[in-house]
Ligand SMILES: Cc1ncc(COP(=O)(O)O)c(C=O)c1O
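Here you get one chain, nothing else, as structure tokens; it is the form predicted alone.
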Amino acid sequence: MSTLAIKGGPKAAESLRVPAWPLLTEEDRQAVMEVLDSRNWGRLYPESRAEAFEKAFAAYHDADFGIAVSNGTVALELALVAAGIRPGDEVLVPAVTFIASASAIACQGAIPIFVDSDPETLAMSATAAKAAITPRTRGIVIVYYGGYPPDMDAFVRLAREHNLVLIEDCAHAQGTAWRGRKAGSFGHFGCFSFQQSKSLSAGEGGMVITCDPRLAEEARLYHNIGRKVGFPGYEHFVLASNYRLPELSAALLLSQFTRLARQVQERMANAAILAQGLREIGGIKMLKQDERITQRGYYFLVLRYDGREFADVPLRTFITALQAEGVPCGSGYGMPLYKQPAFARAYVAELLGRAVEDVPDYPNLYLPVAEHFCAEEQITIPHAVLLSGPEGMRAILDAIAKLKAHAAELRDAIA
């Protein structure tokens, strides 16, 4: 019998025990039951739980204001409209991210301009972003992919030099900090998601944070059907949607939030164990270690695979073999965003109300770093795995070491 689990052998990571996610405690149950019993299920009452969560989360992320919303996608949409992005504006966005980072731009009538990744960090390249700026460029949506920050020094400087709106998509980055300052507090707005799989979760939910009181007021106006705080309930000042977070979700998030800081530290400690072990094994490495990243939140751990050190086993085959060994893993979102069917040129032109020739030819775009990373390098491990303790990290390392030792066998098995 083969030693490889994919061929019927024993699993190297059989001992790996990943906690079910989201974690659920009796405190969480009690928090939700209190809201149910109160019958105040919407946030439109004084001192609501949504308001309490806004204040607590914004303070944790070094911002002055928080606006809780129903999910992370509408957080981006709200930030874009409140910051002044309008139809026809061009907005730079990374090619490697979840679709909402770009679809939120298009759904506001603006034009997403995809930018290539930095080869060391896989975040949006500041150099490539600068080269993509045109007279029509109005904003930048930067993404903390997997929780890893882009070069915030460079992007803050770039936005200031070119008078651009800077929006931080922090859906993956609860707890990430750059030079001691938390994600979401650098740009005009920071946007977060609390969807089921996120490291702070209520099934759905989102947050927009800012340090600018004027922008906070504008965001609150658009978030609450055009109502101003302190004015009569049926007086509306702009045409806007309803982005409000329900009280049941806010109560659950407040309870879950009490554990976030500890979980951030636990994930970081276990990721450090993995990093050291991977350096010893070789062939798979973490993203660039940057001393400016002073705290790291995770949505998933992003690893870079070098097939040359694994007998030229293709990435997809390696991921399948690693899964068979008992390690939960995948390949992120699988492809650069511009390859998604949703970015067919005719469809985007219809959505934006523009002629096809006025829309970038997304399907024929080729950004080399993003293409290579998605096809040849990217391995992602869910953040819950990083809560499985040092023993869990050693089980993952054992599985990777086993695949490296038997790489030729794996290659020959698929030949």
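When you see a residue number, it is the position in the sequence shown, counting from 1. Computed from a prediction, not measured in an experiment: that's the story for all the values here.
The following text describes the form predicted in complex with the named molecule, which does not appear among the structures shown.
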Subject >> in the model of the complex, segment of 280 to 288, 312 to 320, 150 to 158, 188 to 196 with a heavy atom within 4.5 Å of the named molecule >> reply: 188 to 196
Subject >> Distance check, residue 182 to the named molecule in the model of the complex, heavy atom within 4.5 Å >> reply: no
Original post:
According to a 4.5 angstroms non-hydrogen atom cut-off, is residue 340 in contact with the named molecule in the model of the complex?
Top reply: no
Subject >> Partner proximity in the model of the complex: residue 201 to the named molecule, non-hydrogen atom cutoff 4.5 Å >> reply: no
Subject >> is_contact(residue 267, the named molecule) in the model of the complex, heavy atom dist at most 4.5 Å >> reply: no
Original post:
Quick check: do 43, 48 and 249 each get a heavy atom within 4.5 Å of the named molecule in the model of the complex?
Top reply: no
Original post:
Can you pick the one in 117, 176, 210, 101 that has a heavy atom within 4.5 Å of the named molecule in the model of the complex?
Top reply: 101
Subject >> Contact residue in the model of the complex, chosen from 263, 121, 224, 71 - any heavy atom within 4.5 Å of the named molecule >> reply: 71
Original post:
Going by heavy atoms, what in 319 to 333 lies within 4.5 angstroms of the named molecule in the model of the complex?
Top reply: 333
